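Before any questions on binding or motion, here is one chain by itself as structure tokens, the form predicted alone.
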């Protein structure tokens, strides 16, 4: 990504967060970015495309990480841990993008909205697929309804944007450890000792001597 494109994106994130999508003009973005209209339109066809790129950036990241987890790991237990870790991390890495997404997503044009929806559905399918794989292999509890379980995972992680603060008590990696622990507790059969043996990392809050 060119430096100017990055500057325009970062500036737009700040302006949209402060004033809303319709409260900001291309002229304001241009002035705050220290560029020209020519510079803006060289990188973005319109303000609508800019909003799409903001949305697409973090969704593409989490989808790419989920795809990598599916390739790198062979067991569904390892896969779900890797996917949840990167999913939680996105709320720190792309906090401004996600804030604007939840505030301004209603203003996406239909063609852009459809492209975002396809990627969100792809990610949802990854979560569904890993849980289904784990239930078939016996790694995950078979009695849990697949649809409810997968949507519970998505819902609990998505809610992070409502409360997460980068200067809060816990780091994003520590929060990821808590979420992974919670999700493994309701997915895996057996005792806590069995669960710990299958964790890629023992959570920071475990008191194990």
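Numbering follows the first chain given and starts at 1. Note that this is a predicted model, so its numbers are computed, not measured.
What comes next is about the form predicted in complex with the DNA, which does not appear here.
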Just one of 155, 38, 145, 168 has a heavy atom within 4.5 Å of the DNA in the predicted complex. Which one?
38
Among 56 to 64, 160 to 168, 26 to 34, 173 to 181, the region lying within 4.5 Å of the DNA in the predicted complex by heavy atom distance:
26 to 34
Would all three of 4, 43 and 46 be in contact with the DNA in the predicted complex, where contact means some heavy atom lies within 4.5 Å?
yes
